[in-house]
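Listed next as structure tokens is one chain, alone, in the form predicted on its own.
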Amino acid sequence: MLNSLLMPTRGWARVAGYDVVTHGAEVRASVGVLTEQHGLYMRMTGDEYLEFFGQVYRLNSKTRKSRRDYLLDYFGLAGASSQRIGQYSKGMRQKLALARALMHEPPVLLLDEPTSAMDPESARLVRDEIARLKSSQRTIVICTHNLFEAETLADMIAIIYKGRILMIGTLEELKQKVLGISEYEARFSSNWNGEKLNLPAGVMLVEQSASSLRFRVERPPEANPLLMNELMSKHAPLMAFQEVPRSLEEVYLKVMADAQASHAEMIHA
């Protein structure tokens, strides 16, 4: 529906400023799509395939050749450009499908599992390209189960369960909302007796050992400098002070567990 291929039964959407119902041609010209089923034409060569879609998008011959050569080379497919796509490996097909989505340099990209079936080197190349493509003039929507990928690339993250958005926000907003207040750890170069500290407002000591202290900090920008000064004034042999890492995986697992528990309660109610 967002690519103006199916008519919505209700509601509305605009893509790149165009209404998906009344301006379908403009929407399709503005969107690059990578679907789970790529729709590759197996009897075509890689060259022929990108040439064909360049014509579909009405690129002139010079632009078609320039974009085709660049994308085939960028994704490491130049050496296989004269081979039929049916001879490509799964990873090569994935890269060719992504090249097709980028052929007309669209302002909107809809990518479903863009690094699926790729080796680590190729996946890194694709992630780098997506990061490069991000700009104020381009919107990229990625559907992925690769949480590292989402954490690395996304400005905004939505967690979806059974067709419903459970939570949406920046990574930091999701961490704060789901996992609570940030924690910071002070590590020492030698054992320290941890003489009584005068903690700033909004700071709580939650874990202590001879070699480290862990604090829960409500407002890090204001409280952390005061906390550091307090540690130094007590001559703590401070070696490191850093936020305790919290990943998108932790957020996802907790949100999904809560959603599944709620769904089970509704079924049994």
Partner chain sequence: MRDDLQMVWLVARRELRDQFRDWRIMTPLIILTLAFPLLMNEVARNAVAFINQYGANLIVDRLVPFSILIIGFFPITISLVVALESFVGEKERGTIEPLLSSPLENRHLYFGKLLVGIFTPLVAGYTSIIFYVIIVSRQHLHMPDAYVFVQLFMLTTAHAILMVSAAIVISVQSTTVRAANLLASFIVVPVAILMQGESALLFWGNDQVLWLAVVAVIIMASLLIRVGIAHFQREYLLGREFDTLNLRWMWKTFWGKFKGEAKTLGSWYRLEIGRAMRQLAVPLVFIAVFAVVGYLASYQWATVNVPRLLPHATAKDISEIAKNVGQSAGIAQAGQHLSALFIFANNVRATLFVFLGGIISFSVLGVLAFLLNIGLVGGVLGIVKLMGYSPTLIFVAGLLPHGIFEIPALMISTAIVLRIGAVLVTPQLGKSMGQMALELLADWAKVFIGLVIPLLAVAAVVEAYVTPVILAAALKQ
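Quick caveat: nothing in here was measured; it's all calculated off a predicted structure. Numbering follows the first chain given and starts at 1.
Same protein, other form: the form predicted together with the partner chain, not shown, and the subject of what follows.
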- Candidate site L40, Y57 and R100: all three near the partner chain in the predicted bound form by heavy atom within 4.5 Å: yes
- Residue among M228, A29, L238, V244 with a heavy atom within 4.5 Å of the partner chain in the predicted bound form: A29
- Task: Can you check 220-228, 206-214, 65-73, 47-55 and let me know which stretch has heavy atoms within 4.5 Å of the partner chain in the predicted bound form?
- Result: 47-55
- Exercise: R84 in contact with the partner chain in the predicted bound form, heavy atom 4.5 Å: yes
- Message: I'd like to check something about S262: if you look in the predicted bound form, is any of its heavy atoms closer than or equal to 4.5 Å to a heavy atom of the partner chain?
- Response: no
- Evaluate L6 for contact with the partner chain in the predicted bound form, applying a 4.5 angstroms cut-off between non-hydrogen atoms, and reply yes or no. yes
- Message: Is A25 part of the interface with the partner chain in the predicted bound form - any heavy atom within 4.5 Å?
- Response: yes
